[in-house]
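Two forms, one protein chain; structure tokens for each follow separately as structure 1 and structure 2.
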Structure 1
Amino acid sequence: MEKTKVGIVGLGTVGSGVAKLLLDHGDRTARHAGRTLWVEQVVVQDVKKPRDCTLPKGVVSDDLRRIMDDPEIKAVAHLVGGLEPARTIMLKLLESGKDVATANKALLAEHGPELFDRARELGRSIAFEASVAGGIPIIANISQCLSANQVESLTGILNGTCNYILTQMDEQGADYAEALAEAQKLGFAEADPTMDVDGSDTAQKLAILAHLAFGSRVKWSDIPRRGIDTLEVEDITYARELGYRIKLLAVAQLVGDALEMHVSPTLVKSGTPLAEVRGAFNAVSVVGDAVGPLFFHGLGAGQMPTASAVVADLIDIVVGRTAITFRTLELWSKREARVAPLDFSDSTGRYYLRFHVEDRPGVMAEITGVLGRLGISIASVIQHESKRGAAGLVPLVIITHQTTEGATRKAMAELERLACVRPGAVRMGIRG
């Protein structure tokens, strides 16, 4: 059978998984590609580091030129994390005539326009299914399978670390620090989990999906975002009492001619598909004007799910499908954005507000006075008895009717200035 030589740059967790699939299941990939994908060269930073796979002798080196200078290597799996040297390596690969499959969502979210423009200039292509939601084929579905649709909304759980932590807090009663430590012990969270838990990782993925689905040109760092790093078990408990689970949601939806985008912890109605996503799984809910609602669910990270997406991209590259799609979609091109971002203050929804307030007459009147003045209507209230040692404080939970992000933000600022309200009030959106 005809063979096509491929290269791999980076042999960490995902790179090792890609090598395993190509070396151990060559018959499977050959069946789909019509040729054998032959691992010709693997480039790593440290050749002496132990690897989670066995490679033929002489394949591994620390010299990128062994890939760049080999004209028979047609496709390269670019599995280097971070922004640099990942960006420089990508450009060198493209300029040496290689088509590239990458899993680096941060690189695309930050430098997508530069990299895609350069690839087009050189007649090369970049595949990136593995950059969002791991093994879930969401990139192909949005950019190709749903091309007859105008996507109306896209809502996702896009970070397995956060979803694992939230699941532990919900099901085991663990506080945030305990759940994070467990996630790190199991390898779901990095030693420095900041980009995951503060919502940045999710915002990077949302920027990519929104570009595909809506033609958005919003930088990921401009997407309003809040993470889960300040979430308390108390709010998990109240959410459950109200019939909800808290999830870190990425939302992009059309509102008239504008696109609402944000990342934030959200109360999601128990029993709905997104609310039931557990552990390190990811999910994406998409609504198209022709096809209606769709739901994608699977492992969003990990060695083999992500490697599965990378190898699928390599197959598409060598078969020629990627080149056609890449030229047609003109991703991250200089074309004007098809839709303008909505001012987040104007986004509407119901909200969960939680306070610790003084246990005395007149407090509720002070709070409702502020809400009423800002046009915020109350749907329900939960007020439990004060706990021992609470120094005369009681927890107060308010669920609002439909209102705006801007109104609730102003209300919280005013309410926290009241003498009867203690610092640390919480505000989250509600879905479903």
Structure 2
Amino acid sequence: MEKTKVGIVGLGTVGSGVAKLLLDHGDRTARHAGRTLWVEQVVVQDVKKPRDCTLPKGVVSDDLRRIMDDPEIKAVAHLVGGLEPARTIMLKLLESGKDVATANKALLAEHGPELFDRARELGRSIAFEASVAGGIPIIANISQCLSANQVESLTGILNGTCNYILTQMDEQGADYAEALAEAQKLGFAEADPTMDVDGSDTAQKLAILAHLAFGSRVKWSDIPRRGIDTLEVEDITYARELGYRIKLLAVAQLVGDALEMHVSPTLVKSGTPLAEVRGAFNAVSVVGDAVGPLFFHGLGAGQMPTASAVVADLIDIVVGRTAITFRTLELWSKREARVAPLDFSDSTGRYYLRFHVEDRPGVMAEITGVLGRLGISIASVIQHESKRGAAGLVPLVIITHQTTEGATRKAMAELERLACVRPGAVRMGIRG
């Protein structure tokens, strides 16, 4: 059988999974590619590090030139995280004639235009199925399978680490720091997990999906975003009492001609598909004007699910499919944006507001006074009888009727200035 040489740069969580699939299941990949994908070179930073996979002698080095200078290596899995040296490595690979499959969403979200332009100039291509939602084939679905549709909305749980933490806190009563440490140990988190928990990783993935689905050109860092790092266990408990689960949702939806986009922890009605996504699973709910609603669900982080997407990309590269889609999609090209972003302040919905307030007469009137003045109507209130702790504080949860992001943001700023309200109030949207 014909043999096509491939390279791997990065042999951490994902790179090791890719090596295992190519070496241990070569028959499978050969069947789908019509040729053997032969691991010729693997490049790492530290050759002395113990690895989670066994490679033939002489394959692993710390010298990128061994891939760049081998004209028979056609496709390379680029599995280095962060921006630099990941960007330089990607450019060197393209410039030495390689097509590249990457899982690095941070790199694409930050430097997509530069990298895709360079690839086009050089007649090369970049595949990136693994960059969003791990093992779920969402990139191929949105960019190819749904191309007869105008996508109307896209709602996702796109960070496995956050979903794992929220599930552990909700179901096991785990502490936030404990659950994050476990997610790191299981290989779900980024090298620096700040980007996972503060919503940045999700915003980077949303920017990529919105680019494909809506032709948006919004930079990930301009997407309004909040993470799960300020949540308390009590919010998870109140959400459950109200019949909801908290999920970090990425939303992109057309409102008239504009695109509403944000990343926010949200109360999602228990029993609905998004609310039941657990652990490191991700999900993407898509509505297309022709196809109607679709729901994609699968592991969004972790070694083998991510490697599954990378290896499929390598196969697509060597059989020539990537070159065709890459050329026709014109991703991150100089084309104008097809949609303008909606001012997030105008986005509408119901909200959960949680405060710690002084337990004394008149407090409720002060709070409802502010909300009333800003036109925010209250749907329900939870204030459990206080055990009268030393601080004399009581938690207060307010659920609003339909209002706007802007009005609730303004209300929170005013309410936190009241003497009866302690800092650290929480505000989340409600779905369902």
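Every residue number counts along structure 1's sequence, beginning with 1. Quick caveat, the model's predicted, so the values are computed rather than measured. Each form is matched to the other, and the largest set of C-alpha atoms that superpose within 1.5 Å is called the rigid core.
Structure 2 derives from the form predicted together with ligand HSE, whereas structure 1 comes from the other one. Relative to the superposed rigid core, the position of the CA of residue 186 differs between structures 1 and 2 by 2 Å or more. A displacement of 2 angstroms or greater separates the C-alpha positions of residue 422 between structures 1 and 2, with the rigid core held in common. With a cut-off of 2 Å and the rigid core superposed, residue 290 has a Cα displacement that falls short of the cut-off between structures 1 and 2. In the core-aligned comparison between structures 1 and 2, the Cα atom of residue 177 sits 2.9 Å away from its counterpart.
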